[in-house]
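Structure 1 and structure 2 below are the same protein chain in two forms, each given by itself as C-alpha cells.
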Structure 1
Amino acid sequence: MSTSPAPNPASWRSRAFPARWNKRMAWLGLLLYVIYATSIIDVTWERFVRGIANGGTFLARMFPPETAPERMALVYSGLLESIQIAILSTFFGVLLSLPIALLAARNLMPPMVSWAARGVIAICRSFHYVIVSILFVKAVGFGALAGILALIVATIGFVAKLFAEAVEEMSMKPVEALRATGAPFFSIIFLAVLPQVAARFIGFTTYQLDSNLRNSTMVGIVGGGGIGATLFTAYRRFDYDLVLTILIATIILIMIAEALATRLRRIFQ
C-alpha cells in the first residue's frame, strides 16, 4: 500500500464507469448478426419504399369501414362464435388443467408421475394454437369444435404449468398435518392444497380467458370457427372495408374482456 501512487482523478473516473469489452463485443456481434440476417433474407430497401406507397392505397380502401346491416350480422355471429369458443375452451381447459397440474406437482407426486404430466404440459405448450387447430380441423372437421379443442390444449399448456408451479411453492405444513391425521388423499387435496393456491388459480384462469378470447378470433383462419374465418374470407376477397370493421369490432371486444378480467380478479383478491 505504501508504494501506491498518489490518487489521480483519471483512474477514478475509469473505475467509476469502466469500459466493459465483453459487453461491447456482444453489441458488435448483435450488429453483425442484423447485417448478416437482413442480407440473406428477402428484405430490400426499395421493396420497403414501394410498400409504403402501397400502404396508402391499402388504407384508403379500408376507409370507411363497412356498416351494411347484412355484413354487420355476419360480424356479429362470428364474434358470438368466438366468445363461445373462448368460454368453452377456458372452462374445459381449466377443468382438465386441475388434475394434470396436481399430477405434475413434484411435492405431491412420485417423480415418475410428475415427469409424465410435465411431458404432457410441455407438448401442449410447444405448439402454436393455430397449428393445433389445423390438426383438429382434420380430426373433427371444420367449425367451432376444432377451435375449442385447440384452445383447450393451449389452456392446459399455460394454466397447468403455472398451477403446478404454484402448488410446488405452497407450504407443505398443512399437507403434513393432514397426512399425520391419516386423512385420505382427496381430503388432503381439498383441505390443504386447494385453499392455498385457489387465489392464484383464479388469476391464471381469468388471464387465460382473456388470451383464449384473443386467440379464438384467430383459429378461424385455418377453419377452426369464429370471427377469424370471416376475417380471412373478407381479406382474400379484398373486402378491406369489411376487414377494418372486423378489426375494430375485435379490438373493442378484447378491450372489454380485458377490463372485465381485471374486475373479476379484484373480486377474488
Structure 2
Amino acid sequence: MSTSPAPNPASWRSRAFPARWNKRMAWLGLLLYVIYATSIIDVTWERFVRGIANGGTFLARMFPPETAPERMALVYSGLLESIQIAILSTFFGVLLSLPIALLAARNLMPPMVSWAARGVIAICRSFHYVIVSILFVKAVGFGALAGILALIVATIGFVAKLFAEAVEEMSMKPVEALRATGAPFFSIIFLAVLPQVAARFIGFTTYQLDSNLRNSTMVGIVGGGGIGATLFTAYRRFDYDLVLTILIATIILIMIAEALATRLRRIFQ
C-alpha cells in the first residue's frame, strides 16, 4: 500500500498567503516617498517640540474667555450672520443642484447632456470654497454675499453629484412604465423619479446645511462675512480671550446644528 508524502506546512502557507510583490513594492514606494517628503519640507522633531511649547503659551493667553456684554454682542451678530449664510447658500445651492443633477443622470439624459452637466459639477468641485470665496470677494466685495455665493458653488459641486448618483441607482421600471403611456418628461420626474429618491435628497440637504454652517466660519476669514470675520479680526488684534469665546460659541452652534440635522433626517427618512 503506497503512502502519499506528508504535506509541507510551508506549501500550505504559500498557497493560503501568496506573496503579492506588487503590493509590497507599492507600500515600500509609499514609505520611501514619505521619508523623502519629510526630509525636504523641514519636518523635524525639534520643531515639533518647540511648537508644543508655543502652543501652550498661546492657549494660556486665551484663558479666561471674554464675556463682556459689548464683545458678546459681536459674537452673537457674527453667529447670526453665519447661520443666515448657511441657510441661504444651502437653499439656493440645492435649488440649483436638483436640475443639474437630473441633467447629469445618465439613465435619464443622452450622453451629450449628461456629460455637459457633469462638467459643470466637476468645475464646481475643482476649487476649495475658500479659494472661490476669495474670487467672489474680489468680484462683489467683502461681506456675506461673497460667502453665500462661494458656498452655493460648493453646494452644487457636492450635492448635485450625490443627487445624480442617487437618480442613477433608482429603479427604472416606473420610468419605463410612464414612458410607455406617453407621459411628458416633467410627469416622469415628479411621479417616477422624485418619489424614489426624495428621502435621500432630504438626507443630502440636511448634511449640506450642517456642512455649510461649518464652512461659513472659514469663508469669513477671507472676507466672506459671518463669525469667521469676527474671529480673524480678534486674532489680528491679539484678543485671544475673544478668540476662545468665538471658538466655544462656534463649537456649541455646530453641535446644535448637527443634532437638529440628525433629527430632521430621522423625521423625513
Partner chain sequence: MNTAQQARWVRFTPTERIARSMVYIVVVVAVIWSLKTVEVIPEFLYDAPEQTADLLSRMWPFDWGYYPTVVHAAMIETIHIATLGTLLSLVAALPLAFMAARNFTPFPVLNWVAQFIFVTSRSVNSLVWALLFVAIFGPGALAGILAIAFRSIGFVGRLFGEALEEAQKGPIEALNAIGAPGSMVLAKGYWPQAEPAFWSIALLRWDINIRESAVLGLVGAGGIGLALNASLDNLYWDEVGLILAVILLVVMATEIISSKIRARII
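By rigid core we mean the largest C-alpha set that fits within 1.5 Å across both forms. One-based numbering along structure 1's sequence throughout. Keep in mind that what you see is a predicted model, and the values were worked out from it rather than measured.
Comparing the two isolated copies of the chain, the first one is the form predicted in complex with its partner chain. Core-superposed comparison between the two structures: the C-alpha position of residue 68 differs by less than 2 Å. For residue 25, the Cα coordinates differ by 2 angstroms or more between the two structures after the core has been superposed.
Core-superposed comparison between the two structures: the CA of residue 235 stays below a 2 Å shift. Superposed on the rigid core, the forms differ at residue 35: its CA is offset by 2.5 Å between the two structures.
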